[in-house]
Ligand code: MEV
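For reference, the chain that follows is the form predicted alone, supplied as structure tokens.
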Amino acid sequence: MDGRVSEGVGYGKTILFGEHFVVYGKPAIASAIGSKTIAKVSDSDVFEFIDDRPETPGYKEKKSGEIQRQIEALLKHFKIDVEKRPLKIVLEGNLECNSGVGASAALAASISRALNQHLNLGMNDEGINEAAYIAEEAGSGTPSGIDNTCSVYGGFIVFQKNVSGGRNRIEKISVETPVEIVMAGSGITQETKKVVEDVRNMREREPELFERIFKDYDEIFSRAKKAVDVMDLKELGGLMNRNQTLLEEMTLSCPEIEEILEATREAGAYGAKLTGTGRGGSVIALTPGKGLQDRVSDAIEEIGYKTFKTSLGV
């Protein structure tokens, strides 16, 4: 039995603009963050999957079906028959599993990289990204592709899903210096597939509302892209607040998110919004500079929510 242990990394991510909008072909701006999942793959006598990632209480239990579907999809994609070649897959790292930080994509990306290395397949990032997307699709139904793309490539990106089925638009944005942020967990985990379906049904019921929301988002994105290009962080923060208002109209916020947002703004954050699935999950606060980052983190923790301090553009 081969005694090698092959490792793969998948970055966490945050969406600055465009969660849920990307499902309908709208462009989004996202970034990898400085926290990651590490997958270790080795040969074994029996198939084993060990999930040692840190988590928000209840995350792995609620997501157990999604995680299982992801693992099965990756084994199928890499043509691994665990009866003939049993493997041991161990997940570790400092990315805490929580909604909104790309935990499932980091799982998919890290395992894809580790399997690629272990099987000596020589896949490039595009191939790894394709494998990670297939796992995300099996797990959550209709992913946009933005999470796995951030997890694989890192850095800032503009992402636009080709809803006709062709190649997605991926545009890397060069940022010289990472920007400090605070991420806060609401303590609530939602299943992405159900929330996406709820929004889709709401759009069918209220097409005029969504036509206006989409128009407003187009303007926000256009201004946000220019702000990122020149790192106008004050403008960026204000646009994050506006994006949050649209997400609230789409029923994606919740009392816990609102409480966290109020604390971030009172503490001086440039802007803040939910990130990811919504109805719980995580909040991102734009807090350039170590002093502001610490102040906002402390304010959130004082009202009982857990935070972690990291950076955009990693």
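Start at 1 and count along the sequence shown; that's the residue number. Not measured: the values here are computed from a predicted model.
There is another form of the same protein, the form predicted in complex with (R)-mevalonate; it is not shown, and what comes next is about it.
Only one segment in the set 64-72, 35-43, 50-58, 273-281 has residues whose heavy atoms sit within 4.5 Å of (R)-mevalonate in the predicted complex; it is 273-281. When you look in the predicted complex, the only residue of 87, 228, 179, 196 with a non-hydrogen atom within 4.5 Å of (R)-mevalonate is 196. For the residues 129, 192, 244, 160, the 4.5 Å heavy atom test against (R)-mevalonate in the predicted complex is passed only by 192. Looking at residue 23, you'd find a heavy atom of it within 4.5 angstroms of (R)-mevalonate in the predicted complex. Although the partner is absent from this view, residue 143 contacts (R)-mevalonate in the predicted complex, with a non-hydrogen atom inside 4.5 angstroms. (R)-mevalonate in the predicted complex is approached by residue 15, whose closest heavy atom lies within 4.5 angstroms of it.
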